[in-house]
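Listed next as structure tokens is one chain, alone, in the form predicted alone.
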């Protein structure tokens, strides 16, 4: 057997297809980096991140290869839900800085040839917003205006004569979606927290007021928006009861009654025509409470005569670890289930003029390593790189969340300080009330669910250095949420100096993808669908074919690639997370190490002789510029063990099926 060699890849050399990128919209080929300002960088010593902290780190994004910075809500807010409860759309929250700071961030971002988008919630406001305060008063005095800007109801009367909510809808934060207001003497609707009343988009004045908000920020230079819970702005107007599916509970899931409602496309088309069509922007619509690939096509397809959104953010792939959409009810899942979800999204959107978003974690979701693979120290770096290869070899626009490029994991602890999120706090309160004092087992399960799925998992501060609090704030200052002790090797400063770090791997993958356009727009085909350990798939265009092979298990696994129509002769290994070139094949078997991932490439053509294809391939190989050492990743999402007490083992000789890039397809 040949001795292993370091795998060096030139991420700057193109593959002869770069001109194709010119035909794509800027947001289709972008890497979008989400910044949760509160946990990013504190510059004034108050323990909370601020806008100046982002300004000071702009060159960090440039070095990493980021194209677009996505900024979490910075508007005036009581911060009950991390700023998604907005009390004034036109004012910057002084916790984060001033309007001058925001304008500086916009201008400095553009100076570095990057773009910037804002996160904004248009489905609901804070109950402290002046619109809501006026609306509740106007229920008694119509002359005040804004009477119908929110959803109000007198409710029902029970057998005792007491006023009760008009239906049995359950809030996404537990309890009823309706809250009684003493001033209005009516109930108001809130799909989320009781201090986040839903705006009534059926009222034209509401829509026009929100369009003015969007224009205000676009005129300041913002390049687009992430639109929070955008598919909830049209609800079933009759507010019928939801069917009983949770026995023993008064409140029932009603997502299908308040998501993707009867007027949703009408309103989004109007918003596009009156606002977004006037600017060169991207719109990412968060599809909260469920959306199917077919529905996503209706929101995003370029074939539609009346455009709506650029992209949607869906959640099917991160809901496999729960039962029936209940995030706190944990379940184990298998790799073929994840393949099936991704396959449907890739195929449906590619075939119908849509465009996927590719993401694994964000401000509402736990860390991907902990969820999809394992946080075990032995495999942590391998898993981080594996997931990077998985994300960056699929079709769509890449979204990464702060710290993902550092291989951050869930802190794995349950404390009052760590559970500041409104959703988590309300769930824990409800769990305690339901369990009483004699149900230790129920509370143990609730704690486990919070440790694995709580939203604060990704909200801990970024570890910039090995200084106290990771350099997020001053050593003698207490961060708003405890910083996790990652160790010197995992901080940003150390990783940027290490060519074999997770950060360096992300940087290389971002650069490589930009020089291999087929990875953006090529077709997608999964091989060996039922394999429980190996995920292999091809991305193909007229000129080139790529094969991604990912081992999602913590054991060595073999793949009988020839059984799936794969011929590895003539293919080239582009990147691997093991830093070594593959050994000589034991045909027709490919051996993969734990959590190993590989990306292979070959030239293909149906009209050009093989000799010309090989010549073109050789010319590309010879056009190397400055090589960057990279590792290839085997993306293992078998994830079932999320508590990190162990990882799933695969038989050493299990037939996990690798895919290979055929030389002639």
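Positions refer to the first chain, counted from 1. Keep in mind it's a predicted model, so treat the numbers as computed, not measured.
From this point on, the text means the form predicted in complex with a small molecule, which you will not see here.
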Check whether residue 81 has any heavy atom within 4.5 Å of a heavy atom of the small molecule in the model of the complex, and answer yes or no.
yes
Is residue 364 a contact residue for the small molecule in the model of the complex, using a 4.5 Å heavy atom cut-off?
yes
So, in the model of the complex, is residue 286 in contact with the small molecule at a 4.5 angstroms heavy atom limit?
yes
Consider residue 397 of the chain shown here, and say whether it contacts the small molecule in the model of the complex, taking contact as heavy atoms within 4.5 Å.
no
Contact residue in the model of the complex, from 223, 308, 228, 321 (heavy atom within 4.5 Å of the small molecule)
228
Within 4.5 Å, heavy atoms only, which of 327, 190, 455, 469 is in contact with the small molecule in the model of the complex?
455
Where does the small molecule sit in the model of the complex: which of 367-375, 554-562, 191-199, 591-599, heavy atoms within 4.5 Å?
191-199
Within 4.5 Å of the small molecule in the model of the complex - does that hold for a heavy atom of every one of 124, 173 and 459?
yes
